[in-house]
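The chain below stands alone, shown as structure tokens; this is the form predicted alone.
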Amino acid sequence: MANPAEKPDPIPSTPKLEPKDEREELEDINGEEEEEEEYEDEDDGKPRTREDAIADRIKAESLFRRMRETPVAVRVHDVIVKGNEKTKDHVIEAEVDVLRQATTLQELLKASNVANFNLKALDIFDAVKITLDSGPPELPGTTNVVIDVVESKSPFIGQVGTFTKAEAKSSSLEGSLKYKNIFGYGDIWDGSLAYGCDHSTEVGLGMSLPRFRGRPTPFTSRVYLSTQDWLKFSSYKERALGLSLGLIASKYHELAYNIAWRNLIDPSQTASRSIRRQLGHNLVSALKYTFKFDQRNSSLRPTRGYSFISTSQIGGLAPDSRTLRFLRQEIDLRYAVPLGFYRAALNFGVAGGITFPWGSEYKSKASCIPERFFLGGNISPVCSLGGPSALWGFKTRGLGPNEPRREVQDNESGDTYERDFVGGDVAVTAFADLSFDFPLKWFRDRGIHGHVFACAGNMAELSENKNRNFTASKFLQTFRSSVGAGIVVPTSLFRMELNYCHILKKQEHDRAKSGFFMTFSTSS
């Protein structure tokens, strides 16, 4: 079927239906003027007159009229693939199997749009065109689906960019190289390298395969070697060599398995007691399931709709004694309500998470630091869908349970006394954001708008028998909160905000202050 941007032939010999709205199709056919008295028909090579063309047009108009009034029964006789010199037929057929399930012409048009999207999502074709043609004359009520693809001329794709994390005051240089469809199975091989100014690095090699030969979902795998520097916040560095396998990936469900050999080190020799006890090697073997349902009209500026995401993770799927055994559950619910003036909308959301070790004597064990929850970071909660994390006005890992570091001598400032934020086993956040257009047309045309917001959150420790001291009233009393207002400049890649944030409530040792902040947020 032709792409929506392409118009159908002015005088088609047979009704060739594009996957558009039927009204648009009818208007396109009626609006075309014929300039030639006769032309050569593409199917049989016989000259046709204007009367033949008018008759075909009347038939097409009648067909579209029937489609608007009642379902038109049709059966797909054959799916014909053209243009794939390298890509295997079954790779394409697996993505367009939805076409064979259609029983009416209306369903077939919708299925054609889905098939077109699926083929483009493979990222191995420069163009995709799907055409519905008449079936064999001896089989009335049938149609043939003709799929024309143009394979990518250049299989290599390279990208290099710099990214700034304003909340962490750090930048990184990232580059990637992809090689597409090497073996003709829609396979994509990629290598990536990222280096941060905070000395964090990651090198990765990945491979993905689409659905083929009966597989219900795509398959992905990735080998990585990474270093994360948390010395500034929690006095440790995290190094990991691992393998990630994407087992299931559909519209709503994802299932992945991760195994990694991880090492926590403290080159500064200033870590707090809780951090020091967890330094060393361990094995992470975890199964992760994600259910995601997002009906918002935008991930950067939602004005209507709702979304829900639930992530469940179980670690410890290996017999090694150094395997981390933990359970982790996160949920996040968002809702956007349009208010009907100046494109105003109220966004509000609540997120929560809990993690806990399991196994023998699990109540007295400490949960692993990297698997705990950390709140803070001046990123927008509107964009950070996935679980409790962001709070306006609080720095990265800037609140929650903390412990004093070892005292160190600083030649410039004398004795210094700092603290490590060790994270929590349970965390809850909530926010409300009222966005609205400015009255000036110049701002509206560029999507620049204003917003006022409020957020709150808290976390607590439960492992090592600390759940005995946990009470709901104490947890609510120690909630952190902030309010503010600002200007939002959205782009196709990220959301930039200039906000004034006022801290309403914080606890001792929290890293938060009132003032102006410039933040950059991407959708997650």
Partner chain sequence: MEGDQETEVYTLVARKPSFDLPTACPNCLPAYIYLKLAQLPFELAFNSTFPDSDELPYFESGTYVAYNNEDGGVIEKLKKDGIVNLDSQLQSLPEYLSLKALIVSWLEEALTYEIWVGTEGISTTKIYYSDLPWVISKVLFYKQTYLAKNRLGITKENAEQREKQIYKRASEAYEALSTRLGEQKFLFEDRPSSLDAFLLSHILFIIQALPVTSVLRCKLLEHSNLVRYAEKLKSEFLEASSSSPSPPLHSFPSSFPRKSSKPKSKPKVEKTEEEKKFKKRARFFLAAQFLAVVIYVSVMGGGSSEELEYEDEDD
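Residue numbers count along the first chain shown, from 1. Being a predicted model, the structure only gives us computed values, none of them experimental.
Omitted from view is the form predicted in complex with its partner chain, to which the following refers.
Asks: Name the stretch: of 440 to 448, 344 to 352, 259 to 267, 100 to 108, exactly one has residues whose heavy atoms fall within 4.5 Å of its partner chain in the model of the complex.
Replies: That would be stretch 259 to 267.
Asks: In the model of the complex, is there a heavy atom of its partner chain that lies within 4.5 Å of any heavy atom of residue 404, even though the partner is absent here?
Replies: Yes, residue 404 sits close enough to its partner chain in the model of the complex that at least one of its heavy atoms falls within 4.5 Å.
Asks: Can you tell me whether residue 322 touches its partner chain? I mean in the model of the complex, with a 4.5 angstroms heavy atom cut-off.
Replies: Yes, contact at 4.5 Å.
Asks: Taking its partner chain as it sits in the model of the complex, is residue 434 in contact with it (heavy atom to heavy atom, 4.5 Å or less)?
Replies: No, residue 434 is distant from the partner.
Asks: Determine whether any heavy atom of residue 276 comes within 4.5 Å of a heavy atom of its partner chain in the model of the complex, and answer yes or no.
Replies: Flag for residue 276 set to yes.
Asks: Considering its partner chain in the model of the complex, which of 452, 223, 248, 283 comes within 4.5 Å of it through any heavy atom?
Replies: Only one option qualifies, and that one is 283.
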